[in-house]
Each structure stands twice: as C-alpha cells, then as structure tokens.
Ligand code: RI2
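Form predicted on its own, single chain, as structure tokens, below.
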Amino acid sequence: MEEELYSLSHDEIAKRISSMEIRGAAFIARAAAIALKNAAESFHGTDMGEFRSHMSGAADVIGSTRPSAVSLPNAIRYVLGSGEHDTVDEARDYMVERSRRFVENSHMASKRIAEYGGKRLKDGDVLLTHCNSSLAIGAMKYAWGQGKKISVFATESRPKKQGYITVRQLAEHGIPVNLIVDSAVRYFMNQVDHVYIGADSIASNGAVINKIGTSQVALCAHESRVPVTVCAETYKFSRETTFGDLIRIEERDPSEIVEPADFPGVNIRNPVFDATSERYIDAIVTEKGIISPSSAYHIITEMEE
C-alpha cells in the first residue's frame, strides 16, 4: 500500500489519512513525507515564492488531517527542513531527498525497535496489546523468531476494531493469540506478564497519547504489577510539549459508534485517543534504545533536523 502512495497527489493522500484509510502513526508519518515529495515534484514553475507558497499549502492540508498524531507535523518539519535555496530545482531536490531519507529511517527504526523490544521477552511470556501497533507486533514477531513461545491477548479496540487486524497478523505468523473485548482487560490481566503497546505521541514528561482505552489498560496493569512497555520511534516525541503546548485529543464523528438518529437527545462522544501518565509506563522502546519515560525530554532536546 505504501508504494501506491507515490502515484497519488498530496490532496489524495491527505484524504486517505483523514478517513483513516491510512492509519497508524508510523504509516501516517511516512505518508506525509511521501505526500510532500509528490507535491514538490508536481510543481513545474520557476518562481521560488510560488514554490514556497505551494509547499506551505500542501503542508497545511496534510498537517490538518490528524491533530493528535505528532508524527505528522514532525515528518512535515523534517521534509521541509530549514535550508535556503536559490532555485526551485534545488529546493525540490532537497525535499525529495529529505522525504526519501525520512521513509528509509522510519523503516530502519521499526526494525531496531522490533529487535530491542523482542529481546526483552522471555520464552513462555504472555502479552497483552491494545489497538494495532506495527512496532509492538514487530517485537512479538522478533521474539517468536528467536524461538520464544509467547502468546498474546489482543483487545478489539472499539470503535474501529483495529484489534481485528492485530489478531490476524499474529495468527498468520503462528503466534497464539486471544481476541478479547476491551472491557475484559482486567479479567485477563492476572494471566499477563507484559503489556506491549504503541504510541501516537509522547509528551516531554513521558506521558503517552495512544488509542482510546490505553490509559485503562495501563491502570489495570499497574494495579496487577504488570510492566507496560511502549514501542515508539523518536519522531513521535512532541517538541511542542516542552514549551507548554498540549497534545490535542481528536474527536471523530459519532456515527463511528452508533447511528445518532437512533438516540435522539443523546450527546454521543467519540474521542480517538487518551493520555496515559508516565507513572504507569515502565519503559519506552525507541530506535535509539530503551529509555525510561523521564528521559523523553532529553530525546526531544537531542532531536536533529
């Protein structure tokens, strides 16, 4: 699916991100980088002012699609860069190369996180995961490939039920997996050795923004003394939170839950994410290594253009 994006306009990619046809923070970030590349290549003029306006407009369209996914503005910031260019050709080549490098680095980060996260698991471990994190699944697959006979509980993750994708991916890999409803997390937590989840964004204090219900999973794990491990690339860390900005929690159309017309007079709320306090996170696995939540600030301040 990623290769298909190179043939689409930045507007078409933005629509797919907004509709959640493209989902998952890592894929969203790579899609944003590819969209900017396509936008740069679609400009055929020679005026630098017009090119800057064209790219600024494309960045605004792409950046407005998913407000809670910090990976999105971070990808845009990286591709656009801060270099000064004399000609449109120079600027275009610069952004195309930055896009290529971002996508390549994103895939490399996924491989490293799978390895680092997989090494933490032991033979016979039982895991619980929420939603559909390609990084958390990658760590499980890595552990399985090392001969560790793990098994997994995966939540449905309503309302979009991304957990269905998770269980299919694990089952296809041969990993024993149990599909459970979100509200059954506490019931099964005493059988679990590790919670492995992904993240859409990580704040400077180490708090994790992820699929709605993640905070309840973490609270149940904390009460049961089950460690919670978050798998996330460093481009999901929010620079803005170091200056006091809050990560906006996106609310989507209530029709994703029920048909509003069937419940007259009822206000239906559909937040997509929630915030999990750093107090309930034991470790964050990044491509730079495994860190404590308190180290998030240092990761952010060391981020390079």
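This one's a predicted model, so the numbers in the text were calculated from it and none came from an experiment. Just count from 1 along the sequence shown to find any residue number.
As for the form predicted in complex with this ligand, it is not shown, yet the points below apply to it.
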Contact residue in the predicted bound form, chosen from T234, N132, N74, T229 - any heavy atom within 4.5 Å of this ligand: N132
Position in contact with this ligand when the complex is considered in the predicted bound form, options H194, R92, K211, R98, heavy atoms within 4.5 Å: K211
Which of 79 to 87, 134 to 142, 178 to 186, 221 to 229 lines the interface with this ligand in the predicted bound form (heavy atom within 4.5 Å): 134 to 142
4.5 Å heavy atom contact, R23 to this ligand in the predicted bound form: yes
Contact test in the predicted bound form: K37 vs this ligand, heavy atoms, 4.5 Å: no
A199: touches this ligand in the predicted bound form, heavy atom cutoff 4.5 angstroms: yes
This ligand contact at Q162 in the predicted bound form, heavy atom, 4.5 Å: yes
